[in-house]
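This document opens with one chain alone, in structure tokens, the form predicted on its own.
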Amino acid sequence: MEEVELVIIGAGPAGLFATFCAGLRAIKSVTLEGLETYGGQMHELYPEKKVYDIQGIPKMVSSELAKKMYEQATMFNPKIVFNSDVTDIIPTEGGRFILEVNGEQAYESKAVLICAGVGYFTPNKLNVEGEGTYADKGVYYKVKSIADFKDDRVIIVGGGDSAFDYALQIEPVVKSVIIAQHNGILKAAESSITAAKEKPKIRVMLNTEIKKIFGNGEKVNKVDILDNVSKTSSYLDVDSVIVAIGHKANPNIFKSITFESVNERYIKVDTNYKTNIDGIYAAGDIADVSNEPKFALLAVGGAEAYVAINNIKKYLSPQSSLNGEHSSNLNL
């Protein structure tokens, strides 16, 4: 079993920046990622989407940004291991933790930082007839390639950022896009809503939900929709259904420990990003400071990782300064 000071769980944006920060603070760490590559949601859910909300980067395609983040994370030659699903965290009597990876005990660490994002990208589903039959044959839960929707008539279910981002992303190549929200509330960024309404191919339908998905056995060709105000049903001819209503999250996925949670979705942390278990911290989308608003943004997740790593350094070496040296003073 390999001994390290810190295990970072997740090589998404928060985990990658935490890996870099651990290198800055000279913490011997290993980063474990369950997927086969880095980037988390950026690679898995929206690799061709442009990202605009990172300081100093006006815009960059998600997959390219992930590469830059990985390049930064590896500046201090850390150990990053892919296809490594952390299946348990086992506390020991000495205050350390044994990390079970893919069902086998692999690492012993003094501290753990969980940057698991939304977990394993288990999407929320519509749970309507035809959804399972046409999964990946017209029913999708992410947009991995814009070209997959060329000349399609698309309906996107959801009213948040993902729904509007997907609509704007595929709009140049599709015949039409309908954004269907089950109530009258749109939760996407105002700029995205405005941009979508200015596109002639995009139509927003409020108080609308899909009741059934039809196809010819090979591909989706129609949906049955319900108007939740008039309670009337109608049919729409479509080629693709994109379900963008969020993902399931389970903050207590480890059998040997139990975290305090917020709304059974996030791991509850204090302002130092420490969980209720000494030595275990969490940052990024999976973490939530109780009674504080949650901003699931890349830039915010990076800031959380920075705070967590500095507090972890203090936990590991109480005589160390909390902040460490400014990176601008280093000759890297």
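The first residue of the sequence shown is number 1, and the count goes up from there. Quick caveat: nothing in here was measured; it's all calculated off a predicted structure.
Only in words, not in the display: the form predicted in complex with a small molecule, which the text now covers.
Though the partner is left out of this view, Y46 does reach within 4.5 Å of the small molecule in the predicted bound form, counting heavy atoms only.
Although the partner is absent here, G279 sits far enough away that none of its heavy atoms falls within 4.5 Å of the small molecule in the predicted bound form. The shortest heavy atom separation between I253 and the small molecule in the predicted bound form is within 4.5 Å.
For the chain shown alone, S162 is a contact residue for the small molecule in the predicted bound form, at least one non-hydrogen atom being within 4.5 angstroms. Contact with the small molecule in the predicted bound form, judged by any heavy atom within 4.5 Å, is made by just one of A303, V289, V61, L297: L297.
Only one of V86, A249, I245, L236 lies close to the small molecule in the predicted bound form, with a heavy atom inside 4.5 Å, and it is V86.
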